[in-house]
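Shown next as structure tokens: one chain only, the form predicted on its own.
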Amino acid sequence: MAVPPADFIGFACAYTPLPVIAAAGGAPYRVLPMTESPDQAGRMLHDNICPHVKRILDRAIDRDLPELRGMVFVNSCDAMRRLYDAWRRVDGAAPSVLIDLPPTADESAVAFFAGEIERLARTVESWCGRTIDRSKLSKAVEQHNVLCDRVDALTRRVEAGTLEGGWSRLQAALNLAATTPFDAALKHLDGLLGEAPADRRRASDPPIFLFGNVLPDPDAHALFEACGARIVGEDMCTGSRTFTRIDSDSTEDSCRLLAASLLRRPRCARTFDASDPGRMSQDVLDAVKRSGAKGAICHTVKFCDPYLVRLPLVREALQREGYPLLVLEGDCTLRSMGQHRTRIEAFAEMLR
């Protein structure tokens, strides 16, 4: 599907306040780590660093990107902070901004993040040459929520086994929605929802819950199915987490409302509840139970310290309730996923 001309503003994290970009007349464009660009990031970053970060930098160095008005980085981890530093040294790279992300969601964190969103708004205004006011931001939130509703409806069809192409096609739709202007993305999602239901249910395959950070390649999702693992729910950085609804309240400060909505969405390994630091393990367990899965697969990119630190507690919580966990580490290429084929097949067979 051809991407119409737009004032694209890049982003690389699901915590990016996308309505701010749209309110300035820009189109959010997620810089996914999917590229045929040669490995060049090692000239600027250590080899043993997050592959997600390296692949994004490879795209910038190779100019494998649409023309961007600017690039928004979220200080979600040290590797992403290093990417922001390296990005500014790439010839021809778009101007960039780094906003800090609190790890918690208490009132002081919400207030701080609201200030960061306000700073982002002023920066995006300068990039797009348009001012952001309350009405524009409210409309952008409404549009974002419309996309979220379509994604939810499409996800329900995939979970029910009635969308041809299943999770692989859903991931392709999510990638398009994250890299295409609102009207085109909405039209595409509506087209998928308008298709006649297909019967893709494979009751004999064991149900799996998939969670983790970065896995945007639709072929990777198809691989799970080819290995006999039937995905029945997911919580991925490049999956549904990007399309979480944002609260709307005309009486609240817009930036504060955005901050609260983003910080209080389901937690990833980067965020936590200060009163219950191990809460992520219970969140994953609850999600597995709701999905009806027999086991869980976590896919995380190599050298991702937040996930490596939290996974032992997640594994313990799942095992106490009788749910096996398979952990896969990749480098944002389909090649690395293909190397896990035997492990996925063995895990699926164990759950039969």
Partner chain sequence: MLQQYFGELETGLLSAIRGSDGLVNPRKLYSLEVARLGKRLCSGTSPVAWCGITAPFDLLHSMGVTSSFVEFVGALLAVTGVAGAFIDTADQAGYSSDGCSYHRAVMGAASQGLMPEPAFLVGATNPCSGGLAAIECLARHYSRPLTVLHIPQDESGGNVAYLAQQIRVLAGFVTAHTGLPLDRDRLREAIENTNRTRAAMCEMYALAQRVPSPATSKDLSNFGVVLPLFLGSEAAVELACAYRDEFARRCAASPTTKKRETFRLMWIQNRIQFRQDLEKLLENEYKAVIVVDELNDVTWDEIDPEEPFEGLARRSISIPFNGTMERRVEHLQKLAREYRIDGAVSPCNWGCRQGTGARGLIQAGLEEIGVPVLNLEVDCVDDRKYTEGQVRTRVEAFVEMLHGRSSPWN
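Just so you know, these numbers come straight off a predicted model, no measurement behind them. Numbering follows the first chain given and starts at 1.
There is another form of the same protein, the form predicted together with its partner chain; it is not shown, and what comes next is about it.
At the 4.5 Å threshold, heavy atoms of Arg88 reach its partner chain in the predicted bound form. Its partner chain in the predicted bound form comes within 4.5 Å of a heavy atom belonging to Ser281. At least one heavy atom of Asn75 is located within 4.5 Å of its partner chain in the predicted bound form. Residue contact check for Pro102: one or more of its heavy atoms lie within 4.5 Å of its partner chain in the predicted bound form.
Stretch 36-44 is the answer when you ask which of 22-30, 36-44, 66-74, 286-294 has residues with heavy atoms within 4.5 Å of its partner chain in the predicted bound form. Taken together, the three residues Arg82, Pro277 and Leu308 all come within 4.5 Å of its partner chain in the predicted bound form, as judged by their closest heavy atom.
With the partner omitted from this view, the residue of Cys227, Val97, Ala109, Cys148 that lies near its partner chain in the predicted bound form is Ala109 [heavy atom within 4.5 Å]. In the predicted bound form, no residue of 7-34 lies within 4.5 Å of its partner chain by any heavy atom.
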